[in-house]
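Quick setup: the structure tokens below cover two forms of a single protein chain, split into structure 1 and structure 2.
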Structure 1
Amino acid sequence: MSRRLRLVVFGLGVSGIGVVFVLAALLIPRFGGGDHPYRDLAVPAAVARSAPNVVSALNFDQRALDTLGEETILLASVVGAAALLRPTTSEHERSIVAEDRILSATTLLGYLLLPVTLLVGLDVVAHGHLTPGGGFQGGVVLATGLHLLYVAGSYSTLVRLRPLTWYGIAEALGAGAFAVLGVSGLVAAGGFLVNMLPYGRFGDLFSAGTVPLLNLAVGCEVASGVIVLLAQFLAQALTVRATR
């Protein structure tokens, strides 16, 4: 593709986005008004489906298709970053070098916080349909919490306890489970990602239909994806060197 043709394609794309943006800015409701139709519809719908966390009800029920797109974007980003960070022909991977001395207080605090952080992450994912949080937030807590091993111990310890093959499979399973639940709703109730399971009792752990299941799928995908992503950045910084 020539430079001129690329500029034409770019100009058409920018023009289209510009038109949509201007229309959105002109037609948006005035700030501070008392008319909030989205709120007035979303909150009763969440309560009717026994989901106290309205945000999760929006993400995994009322607009679950958007969330599938967001999850796919993360998956594609991890795959792209992993591909870009692979050692090139001018680079090579060296053995893990000995880590610098770590303060005893840092090591102790890191190992004490590791199980606490992982439990908090699991709690945020499991109760995402009941309390603030969810699969995205809890997944990030789980992924970053695991890396307290690196902060408090050593990179070699983290590598031994972080089999990337497993996390790559878990990331794919999490993304696939979301899509499978969507297709199940299409088959069982005639709508993709429709909430077709019993809603249960308001406030119970097993309630809100498919919301907690989709939440768990996202938590699995986000945690695994962020772990794989951080692994690529750490490997690039610590073990990949230019070939002399």
Structure 2
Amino acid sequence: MSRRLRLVVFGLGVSGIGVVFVLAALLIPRFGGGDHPYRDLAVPAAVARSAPNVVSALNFDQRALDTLGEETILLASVVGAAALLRPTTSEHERSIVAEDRILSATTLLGYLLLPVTLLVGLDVVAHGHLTPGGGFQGGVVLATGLHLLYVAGSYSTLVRLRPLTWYGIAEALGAGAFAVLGVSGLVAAGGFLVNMLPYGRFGDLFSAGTVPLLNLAVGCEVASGVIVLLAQFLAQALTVRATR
């Protein structure tokens, strides 16, 4: 289609959808209203299992299957991106040029922020059932933290601290651990993904049953997965070149 015709088809479609959507939005319960039947069931259920962070309870207990699927999507796309960005037979990875080691302000900031970020990441993973955050958020923070080394200008250090094979294995084990915990629920408590551990005392680090364990598995998978993912993009942008 020509650009013009394409925009005409799109325009007709959008006007139709727009009218329907506005008419539908008029019938949605008032914004900010108090009618949330699912919430009224989910919040007491979470509290009964000593999980103050109801969102975590939903993600790792009540709707844990969604999260299993979500982590599998992440796994699939990390493996998929690795497959799509593998160097082809007509490409090679050029060696990394050693950077000069002048301690600029950015470098210093990068090195200073690195431990802080890693600690924050671990904290977010560990307290996922108590405070905002969890395995996913913490995992991303951990992975991003490691990449502060790239910001600090030391791609070679980053590469040395990043044995990708092991992160690949850690990613697989993290994702597998979630499913295995699900199956253990089946064996131990008669139901897939059943929260089979004692719920503990409300607000304790070791409470809410399997929620912290699942958080840990996800944290491990997400941190390794995002590192592997970003590694592919960094390699493409920095080192993979066509062989002439």
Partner chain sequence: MNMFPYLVGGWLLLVGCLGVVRSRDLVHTVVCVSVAQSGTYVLLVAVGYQSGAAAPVQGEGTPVPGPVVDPVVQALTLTDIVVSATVTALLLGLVIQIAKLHGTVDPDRLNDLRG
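Counting starts at 1 and follows the sequence of structure 1. Please read all numbers here as calculations on a predicted model, not as lab measurements. If you superpose the two forms and keep the largest set of C-alpha atoms that fall within 1.5 Å, you have the rigid core.
As for origin, structure 1 is the form predicted on its own and structure 2 is not. After superposition on the rigid core, the Cα of F10 moves by 2 Å or more between the two structures. A movement of the C-alpha atom of R201 falling short of 2 angstroms is seen between the two structures when the two forms are aligned on their rigid core. Core-superposed comparison between the two structures: CA of P44 displaced by less than 2 Å.
Core-based superposition between the two structures puts the Cα shift at A25 at 9.0 Å.
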